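Take a look at this single chain in structure tokens; it is the form predicted on its own.
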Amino acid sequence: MKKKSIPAYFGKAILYICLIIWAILCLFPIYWLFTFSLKNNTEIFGGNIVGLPQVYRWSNYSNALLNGKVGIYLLNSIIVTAMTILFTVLASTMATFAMQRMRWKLSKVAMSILLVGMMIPIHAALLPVFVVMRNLKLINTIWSLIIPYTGFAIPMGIMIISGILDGIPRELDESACIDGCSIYRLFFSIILPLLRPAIATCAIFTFLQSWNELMMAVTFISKDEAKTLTVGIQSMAGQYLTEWGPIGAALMVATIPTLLLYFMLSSQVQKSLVAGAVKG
């Protein structure tokens, strides 16, 4: 058995040290936010900024959920984000399949036009979208967020899914059609399951975009019943100006779904990225 040289052990040790430091830097904000959510203003702005709370104030969470209406904001964010992901995945997969695997005129032009949507900043479309939503009487409803979020997420979804779909052999389509498979069964029963890594990646990007979006949510929503977490937490800063503990608890509540989704779909995202790297 070949023994490793001293420089190899030295290099491996440096690699592990760098990875440990990087992991600490990535995990520290979560630790700080969690301890922040259990403190009062005296500890937050006093001498115990980073350390563990002297008294674990779990009441900050109950104050945020009940008095700060974070429970309503969380439910609205979950509904808006889930609906946006569902519509984005369905529209992106169907559109990509139609433009890449079906033969029809102007399919490449349609693909180019849809991908140009990634170049349009959300700020430039804020006023036109607001006018459209106002004319449709959708202001102060969750649909005023779901529709534009889906529209802005579709170009990114098409770009992600097209990379994976292009790697699936076209002979699979031909074999299915020869066996009598309809176009709908081909898409839903054969192609869609093979796109799971791309769908997971698309879902995570769409989740991050819609879960953290603030500008449209502030502009289109003013009623508490329809506010999402970003708008609701911002309003808490004015209402609880001297009580930062409940605001920290609300931020922690808003962070948990992001972590859960990442742990659930991270393996599929890695497969999607590896597939893209091999293809490249």
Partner chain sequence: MNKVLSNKKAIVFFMLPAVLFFLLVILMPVLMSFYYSTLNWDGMGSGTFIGFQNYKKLFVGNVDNFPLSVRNSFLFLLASVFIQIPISLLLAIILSNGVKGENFFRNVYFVPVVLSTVVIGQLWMKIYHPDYGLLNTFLRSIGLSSWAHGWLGDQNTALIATFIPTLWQYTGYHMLLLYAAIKSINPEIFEAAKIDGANRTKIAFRVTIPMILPMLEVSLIFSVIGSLKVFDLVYVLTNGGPAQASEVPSTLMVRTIFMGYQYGYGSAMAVFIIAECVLFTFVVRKIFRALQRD
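Heads up, when I say rigid core I mean the largest set of C-alphas that superpose within 1.5 Å between the two forms. None of the values given here were measured: they were computed from a predicted structure. Numbering follows the first chain given and starts at 1.
Although it is not shown, the form predicted in complex with the partner chain is what the next lines describe.
- Only one segment in the set 194-202, 161-169, 73-81, 125-133 has any non-hydrogen atom within 4.5 angstroms of the partner chain in the predicted complex, and it is 125-133.
- For a residue to qualify, one of its non-hydrogen atoms must sit within 4.5 Å of the partner chain in the predicted complex; none of Leu52, Trp58 and Ile142 qualifies.
- Residue contact with the partner chain in the predicted complex: Ile190 places no heavy atom within 4.5 Å of it.
- The closest non-hydrogen atom of Tyr9 lies beyond 4.5 Å of the partner chain in the predicted complex.
- Using a 4.5 angstroms threshold between heavy atoms, Ala226 stays clear of the partner chain in the predicted complex.
- Proximity of Ile154 to the partner chain in the predicted complex falls within the 4.5 Å heavy atom cutoff.
- Scanning 110-127 for heavy atoms within 4.5 Å of the partner chain in the predicted complex gives Ala110, Ile113, Leu114, Gly117, Ile120, Pro121, His123, Ala124, Ala125, Leu126, Leu127 in sequence order.
- Relative to the superposed core, Trp58 shifts its CA atom by less than 2 Å between this form and the one not shown.
- Once both forms are overlaid on the rigid core, the distance between the two CA positions of Leu27 between this form and the one not shown is 2 angstroms or more.
- With the core held fixed, the Cα of Asn40 is displaced between this form and the one not shown by 2 Å or more.
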